[in-house]
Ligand SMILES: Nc1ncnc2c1ncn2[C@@H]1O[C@H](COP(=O)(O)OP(=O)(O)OP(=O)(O)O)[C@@H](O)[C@H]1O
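In the form predicted alone, a lone chain appears below as structure tokens.
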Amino acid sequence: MSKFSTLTQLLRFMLPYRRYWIGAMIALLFTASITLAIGQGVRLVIDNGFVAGSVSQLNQSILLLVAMAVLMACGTFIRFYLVSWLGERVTADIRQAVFDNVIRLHPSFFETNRSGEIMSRLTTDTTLLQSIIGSSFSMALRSVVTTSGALLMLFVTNIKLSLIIVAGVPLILLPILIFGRKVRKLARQSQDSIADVGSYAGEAIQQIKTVQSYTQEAHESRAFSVEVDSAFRVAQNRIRQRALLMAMVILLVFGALSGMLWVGGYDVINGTMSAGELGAFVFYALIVAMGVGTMSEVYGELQRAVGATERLMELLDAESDIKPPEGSTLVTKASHSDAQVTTQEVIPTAATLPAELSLSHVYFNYPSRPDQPALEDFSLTFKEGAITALVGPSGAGKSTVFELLLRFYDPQQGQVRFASQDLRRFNPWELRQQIALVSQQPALFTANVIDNIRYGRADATEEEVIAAAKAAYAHEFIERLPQGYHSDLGEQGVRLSGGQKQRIAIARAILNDRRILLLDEATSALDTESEHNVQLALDTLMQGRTTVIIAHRLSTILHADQIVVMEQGRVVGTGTHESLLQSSDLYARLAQLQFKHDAQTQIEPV
């Protein structure tokens, strides 16, 4: 992405607030004009006050300078407030836009992009951008305007001395351009290295119990030190380049000033130039010097802003592989009597179709593992209102089936259908409105119990939340929490046991009240008594719904209408528990390992 296109995208976020920009620019031009006028005030103080020896004219000149200072202070207040407001507002808009896009991206995007790095871009990069838009960018604009005006006033005051100053400008700009490119590249590397540091630290902290249980604190500390030192070395190189840039600019600027003062001093001594004119000229020359110095310093910050913006725009421009159809209708054209007749095939919404799912000759590889098939020639139908259980060893592809049913991924070959329609013909949001998921590792948020259960249906009342918790046999332990349903659960529900988390997730699915249930080891984290209670709740919940269950504990799926045995991404057996004991060696082996007695023994469902 070129620097121009990056800044163009950034400008897109600034355009809606053009009134504020115009106000800031007016205030900037006003303060710049006052600053330049002060130079003439300095000339009057010297020529009419000091040199002429007139106290009254000195007083008038001083009062004029004070009035200019008051006006400049007012203009500076307005400019600083408007530009700072814009920095905060534009950054907030960018942060929101990036998050809105990221939250809709396909899951495989997060297989190749670490969450810690994404968070770094949303926080560190946007904070940097806010600082630069609200401060550095304003300083750069102010320096450009005042320096340009001061250069003009230099020529008005004395052309000969101005040529000395102008001759040094190319020498000053050259290092800015040369070092600026290096700073930009290093700024991008610096932001990436900071993201790596944050990502590593976040992962270690999230897995703190594992780190401490394996006594790997020292190892993690050493590994984190490597990441920190790497980020420091990149930052050190960036700082060195910026320091060299600033030093060279200062040397060249004050070298030009010294030459100008030498020539101007001779002119004052020879009487060809007044002391006031030289004073005003020095004032304008100092403005030029400070302006160029500020621009050389800010230029490095602006390069960092370009690097940060590039990283943010990469997230903003990322497109999801799972896209809704272009329209809700399919349009075909047919010729009849030399006239074009348009016909439309209206696709029914998912809510009006039977809650039946099917996979037909599906071949699927995860994008991050393109050479490792997850499903091969996989065909299966989940009938409306029926309970289908998927069993098999780890890696058989059971969870992959769920991923495809939820359209987190699309198969490379074959079709996944809702009723008779390919899932690609539905908006993913509309499709997922028909499905409730309870995963093997329930996801809880840093919020209280009510908010976590209500995540299944945002408009649910507190009474409905409590009813769902009771149905999931979670009410009793929730009541024992310090603030009951208003108890905060901590990050990822860390204050609950595995079984309690599972029942909160089941309560969320009960409140969700969808036509299709996907239960991924929904009772895996429960003790025997809780499993029995939750199984009763699930039995009630599953009535009249299309249910797909992934289970290793066969005791929980003996009541299923259909049990599907999977191995290496293929269906290797289907039937009831009794029939599979006879027809499937794999199922019989799994049953024998679990039930610890003869595979032919009749076992009553729990």
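The numbering used is simple: start at 1 and walk along the sequence shown. Because the structure is a prediction, the values reported are computed rather than measured.
Beyond the structure shown, there is the form predicted in complex with the named molecule, which is absent from this document and is the topic of what follows.
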TODO: Using the partner position in the model of the complex, report whether Tyr366 sits within 4.5 Å of the named molecule, counting heavy atoms only.
DONE: yes
TODO: Classify Phe408 as contacting or not contacting the named molecule in the model of the complex by the rule of any non-hydrogen atom within 4.5 angstroms, answering yes or no.
DONE: no
Task: Val362 within 4.5 Å of the named molecule in the model of the complex, heavy atoms - done: no
- [ ] Answer for Glu529 alone: is it within 4.5 Å of the named molecule in the model of the complex, judged on heavy atom distances?
- [x] no
Open item on the list: Counting any non-hydrogen atom inside 4.5 Å, which residue from Ala355, Ala374, Leu312, Val249 sits next to the named molecule in the model of the complex?
Closed with: Ala374
- [ ] Heavy atom within 4.5 Å of the named molecule in the model of the complex: which of Gln440, Asn113, Thr124, Asn101 fits that? Just give me the one.
- [x] Gln440
Task: Stretch from 415 to 423, 82 to 90, 304 to 312, 399 to 407 whose residues place a heavy atom within 4.5 Å of the named molecule in the model of the complex - done: 399 to 407
- [ ] Taking only heavy atoms into account, state which residues of 543 to 564 are within 4.5 Å of the named molecule in the model of the complex, ordered by sequence.
- [x] His552
